[in-house]
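Given as structure tokens, the chain that follows is alone and in the form predicted on its own.
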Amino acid sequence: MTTMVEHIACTFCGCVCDDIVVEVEGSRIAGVRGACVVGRGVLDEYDPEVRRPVVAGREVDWEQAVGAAAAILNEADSPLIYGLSSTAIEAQRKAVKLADRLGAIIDTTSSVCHGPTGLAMQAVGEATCTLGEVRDRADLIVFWGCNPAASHPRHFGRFSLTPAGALTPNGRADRTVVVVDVRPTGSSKQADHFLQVNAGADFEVLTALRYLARGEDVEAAAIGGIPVSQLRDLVRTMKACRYGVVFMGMGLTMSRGRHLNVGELFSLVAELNTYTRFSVIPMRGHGNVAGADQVLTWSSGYPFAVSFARGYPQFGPGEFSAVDVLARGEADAALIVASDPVAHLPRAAAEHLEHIPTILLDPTPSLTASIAQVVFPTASYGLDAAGTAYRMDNVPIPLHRLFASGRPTDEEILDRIIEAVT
């Protein structure tokens, strides 16, 4: 029997598009409507077959696997819990509880992408809004150091470029679009204005914009490869708009300056509110990485890189970040939740995972699964498990269960591990 299910959310990227229609046959997805190419792949290619957990390369029952995981964590002096960006907040809360119980370090994928954004928020604050406000009100959109045409395929159509809104009834015709990046991209082709900044010069350009916005003079002919005349035009456009929004990406967070770049952008946005309404939204990657930051913050006071080793939460970017902890060889056990660090972390960090007992909770096969001592093939939130994810603008989106596969969720496995550790 085939069932059409509406308003399904895709957890591929930070857009968490929740307008997708899925055709379900039993415990299989037979068709997908409305998703982007990548989203269709996430939904279509999911294999709900129930697989048994694996311990040391051998299939075992679930209780044996929980016992093996608990034994690893009990014996560890400095365990690391990492990942969390592709699981639901219900599981993220359990991961924080487990870290507290163990006195472990807990870190999310934010530390290797938008960690500098979190530091900038702490330093200067963030004038922000929701994607719904962008769609309904914004007549100026600036993309800085990001390429949503490739990374967030439906962002243009649902939120920023073309959709008709309450104050933008003509869609694209009612908006001015500016892209600032180090090279032309698919997104720059869609822009009204493209400013090509020299690699590593974002901070200088943002500082110049702040000076120009205050009415102060900039004597140089060009800043960061951009003629000052173009920067003056951009400032005039920013001041004259009704509602402006900057979307910023890893071009700022992962280039020279990092959190200083983001802090300068956040300061510029705050100062523009003297003249008009302006907001900024980080372009978050994984479907629930924003939720991971939220859960860690409301649980510990800090968004990532948190240690419970002293019995209370300590914040230490660079000290308690997963890449640094692993590269220095400080973790003697690791619990990975819904992430693939062996595929994505720097070589020194990834190799250390191969030399320590590693536990993995993930619904899909991965390189990390190939080296993990204990592997739990859990359910996928939004497919065979219900939960909640936070969109890039920190709006919570419900994830519905499309079918029952019989797989336990990350939350359930973490709960069992919490009960089993001493």
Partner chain sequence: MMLGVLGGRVYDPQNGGDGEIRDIWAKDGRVVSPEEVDPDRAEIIDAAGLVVMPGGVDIHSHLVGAKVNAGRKLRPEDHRGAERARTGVFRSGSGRTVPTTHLTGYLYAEMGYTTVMEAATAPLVARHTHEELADVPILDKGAFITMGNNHFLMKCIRDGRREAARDYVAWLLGVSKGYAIKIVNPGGVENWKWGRNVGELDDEVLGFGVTPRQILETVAWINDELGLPHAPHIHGINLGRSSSARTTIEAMETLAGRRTHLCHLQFLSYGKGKGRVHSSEAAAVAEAVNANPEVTVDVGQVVFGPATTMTSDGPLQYSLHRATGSKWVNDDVEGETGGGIVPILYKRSNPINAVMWLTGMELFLLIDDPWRVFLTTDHPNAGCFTSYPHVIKLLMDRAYRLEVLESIHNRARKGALLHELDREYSLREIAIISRAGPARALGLRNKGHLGVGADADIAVYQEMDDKAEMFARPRYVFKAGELVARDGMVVADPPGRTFYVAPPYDPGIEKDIRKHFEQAYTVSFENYSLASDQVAHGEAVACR
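Numbering follows the first chain given and starts at 1. Just so it is clear, the structure is predicted and the values come from calculations on it, not from any experiment.
This next part talks about the form predicted together with the partner chain, which is not shown.
Quiz item: So in the model of the complex, does Gln294 come within 4.5 Å of the partner chain, heavy atom to heavy atom?
Solution: Yes - in the model of the complex, heavy atoms of Gln294 and the partner chain come within 4.5 Å of each other.
Quiz item: Quick one: does Arg175 come within 4.5 Å of the partner chain in the model of the complex, counting heavy atoms only?
Solution: Outside the cut-off, so no.
Quiz item: Closest heavy atom of Arg401 to the partner chain in the model of the complex, within 4.5 Å or not?
Solution: Contact check for Arg401: no, nothing within 4.5 Å of the partner chain in the model of the complex.
Quiz prompt | Non-hydrogen atom contact Asn394 with the partner chain in the model of the complex at 4.5 angstroms | solution = Within the cut-off, so yes.
Quiz item: If contact means any heavy atom within 4.5 Å, which of 55 to 63, 370 to 378, 38 to 46, 383 to 391 contacts the partner chain in the model of the complex?
Solution: Flagged stretch: 383 to 391.
Quiz item: Considering the partner chain in the model of the complex, which of Val342, Leu161, Leu140, Val124 comes within 4.5 Å of it through any heavy atom?
Solution: Selected option: Val124.
Quiz item: Which one, Ala222, Leu167, Ala71, Val218, lies within 4.5 Å of the partner chain in the model of the complex by heavy atoms?
Solution: By the 4.5 Å criterion, the partner-contacting residue is Leu167.
Quiz item: Is every one of Ser111, Phe203 and Arg232 in contact with the partner chain in the model of the complex, taking contact as a heavy atom within 4.5 Å?
Solution: Heavy-atom distance to the partner chain in the model of the complex: none of the three under 4.5 Å.
Self-check item: Interface residues of 260 to 285 toward the partner chain, as seen in the model of the complex [heavy atoms, 4.5 Å]
Solution: If the 4.5 Å heavy-atom criterion is applied to the partner chain in the model of the complex, 260 to 285 yields Ala270, Asn273, Thr274, Arg277, Ser279.
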